[in-house]
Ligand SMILES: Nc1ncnc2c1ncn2[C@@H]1O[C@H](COP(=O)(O)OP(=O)(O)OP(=O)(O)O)[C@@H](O)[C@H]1O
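Here's a solo chain for you in structure tokens, the form predicted on its own.
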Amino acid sequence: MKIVTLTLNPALDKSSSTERMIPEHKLRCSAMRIDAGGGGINVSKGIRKLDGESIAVFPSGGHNGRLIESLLGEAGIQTSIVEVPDETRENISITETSTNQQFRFTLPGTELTESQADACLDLIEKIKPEYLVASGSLPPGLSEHYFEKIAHFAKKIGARFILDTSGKPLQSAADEGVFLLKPNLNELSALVGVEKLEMDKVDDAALELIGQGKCEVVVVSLGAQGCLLATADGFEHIPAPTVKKQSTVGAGDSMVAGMVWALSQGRPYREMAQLGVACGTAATMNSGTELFHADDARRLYEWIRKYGKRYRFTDF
């Protein structure tokens, strides 16, 4: 099945480390690591790690845009781009090795016009994907309702739309209706119109979204506690194995990568969620902006399948 990822706010991710972050001091850092980044691009990278294939669609500008294209090409990921005149943004992540704290500097994205974003949709329509994944933020210049437009577009071309974003863009897209949503607890609370959700109310809130027609599947990200999978048939908690955390950068996109790859392979929803948790957890084992290692994800997936049933949602 064809998978297309859409990244409207791509970035060149740079990461390094230093012993201590001290204001107004010259800080000696490790060699800089450079990665192609942005939500959908990270999802395509994760799918490739699982030996899957996808096409990454994104606007590309300047030296940074060309470098992202080159990095993805070297990784064996097919791209389809819309050229834009302005330089693609950069993000910087610095790890303080003395405390293992991470400092993440996210720069504003290049302004994108609606016609430029629509050109990305034109590319996608020609590809005719079975799964369309949009992950990440909207860049300056686009309406906060643009993901809602994409949700409508996905229905028109017969693609299952998987969305991982936040705030008003998430809410407006859910009002249009999508195939799968992956909110965290705060995002789920906003979607059902409450300030805060207690853990024993998460299942009801997820099922409420499905009942309102906002999506067919909800996977609520619970961080180190795994996720809650909900469909019209009910809900199930998928626990996460305990690992030594190095970084949370890319964990959410890794989770989405595992899930969409599993769906493309015809796996049932339970296995989809299990592999998603495995990939997301595996990503936290690596430092900087690196995603998961496939061997780690497979090992954690087997742990979840073997031991996950010992846990009940009410235990968390």
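One-based numbering along the sequence shown. These numbers come from a predicted model, not from an experiment.
What comes next is about the form predicted together with the ligand, which does not appear here.
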Assert contact residue (the ligand, in the predicted bound form, non-hydrogen atom within 4.5 Å, options Ala173, Ala240, Leu181, Leu229) equals Ala240
Assert contact residue (the ligand, in the predicted bound form, non-hydrogen atom within 4.5 Å, options Ala224, Leu107, Ile157, Met199) equals Ala224
For the ligand in the predicted bound form, the stretch among 92 to 100, 214 to 222, 74 to 82, 200 to 208 with residues bearing a heavy atom within 4.5 Å is 214 to 222
In the predicted bound form, does Ala262 come within 4.5 Å of the ligand, counting heavy atoms only?
no
Problem set entry | Distance check, His152 to the ligand in the predicted bound form, heavy atom within 4.5 Å | no
Do Thr289 and the ligand share at least one heavy atom pair within 4.5 Å in the predicted bound form?
no
Contact between Ala251 and the ligand in the predicted bound form at 4.5 Å, heavy atoms?
yes
